[in-house]
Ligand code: NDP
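Before any questions on binding or motion, here is one chain by itself as structure tokens, the form predicted alone.
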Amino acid sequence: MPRPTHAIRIHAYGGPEVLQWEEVEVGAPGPGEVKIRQHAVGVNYLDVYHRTGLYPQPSFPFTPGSEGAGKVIEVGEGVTDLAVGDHVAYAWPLGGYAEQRLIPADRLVKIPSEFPYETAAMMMLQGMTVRYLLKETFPVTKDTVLLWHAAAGGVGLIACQWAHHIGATIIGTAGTDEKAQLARVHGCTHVINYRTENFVERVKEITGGRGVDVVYDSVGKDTFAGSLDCLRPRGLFVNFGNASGPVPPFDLGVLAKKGSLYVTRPTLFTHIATRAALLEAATDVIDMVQLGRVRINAGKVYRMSEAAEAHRALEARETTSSIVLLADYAARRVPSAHRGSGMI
């Protein structure tokens, strides 16, 4: 008999405890779809927003997870550019916390067969996020001075390396001296421990009172007001996450008073909505990793069935780098002492 396949399913919004490991049936792929056996999936704060209902889903139960990597095991009608055995990765649609899944073929990107699944699973959503933020939302150059909150997180460490390669001046924030040092060794020019220093005052000190050209903020409510005070006149505030909660409603007149500032709330998914845009973005990320300009580091590694533990660590801000879930059959090759440690 074939081995049963499992997935994390959510039957009601709530804390990490709602992440239930259940046996599921995965049917045959329909037209334009493929079935993949997943080896690794990335864990992102976006998954927390789905789990809690901040980003509501159309129905229950649903499987969270927005990036992963694995091997094609079945191809549906009309799929011509993928074949059984291809190694693939993706960043959308939802359904990643699963040993097997169906997915539209046009959302998949082929990866080199020698490319580690764990690396591919962690780089798709986070890497392409960094790419659009640095290349499209605000085109960063060697003359740019930027502020990046949560610089030691998974997205932050990729951003530090990418912006360092461009030659920009990067001011990062982190919550501990250890995280600050991690951001520094990944290319961050200046790092502020926001628990012991006032990040607004330090930014003004570092920039000689000028302020930064752009703030990249995935924290949200707790950093919004201070971030505006870090910007130069006509600077740009980019909110791309809500780790501390959503930015509350505010008077647009504040932007005028603080120097004709700009504010935007972009998402990755509008930047990779077409097949052509997806392939362009993914190719840039793969090239940066293969050329060694960006290293993708796993902060902690868990079995897929341990997703609740991964979410607890993420929300407690116990993690640095990226978090990866390995399918339980793939995790067997990881020594138990290394799980949860980031050692793959």
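Every value quoted in this text rests on a predicted model; they were computed, and no experiment measured them. One-based numbering along the sequence shown.
The same protein also has a form predicted together with the ligand, omitted here; what follows describes it.
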query: Interface membership of residue 153, the ligand in the predicted complex, 4.5 Å heavy atom rule; finding: yes
query: 4.5 angstroms heavy atom contact with the ligand in the predicted complex for residue 265; finding: yes
query: The ligand contact in the predicted complex: residue 219, any heavy atom under 4.5 Å; finding: yes
query: 4.5 Å heavy atom contact, residue 302 and the ligand in the predicted complex; finding: no
query: Which of 74 to 82, 153 to 161, 181 to 189, 100 to 108 sits within 4.5 Å of the ligand in the predicted complex, heavy atom basis; finding: 153 to 161
query: Partner-contacting position among 214, 203, 89, 174 - heavy atom within 4.5 Å of the ligand in the predicted complex; finding: 174
query: Proximity to the ligand in the predicted complex, single hit among 294, 40, 46, 307 (heavy atom within 4.5 Å); finding: 46
query: Contacts with the ligand in the predicted complex, stretch 97 to 133 (heavy atom within 4.5 Å); finding: 125, 126, 129, 132
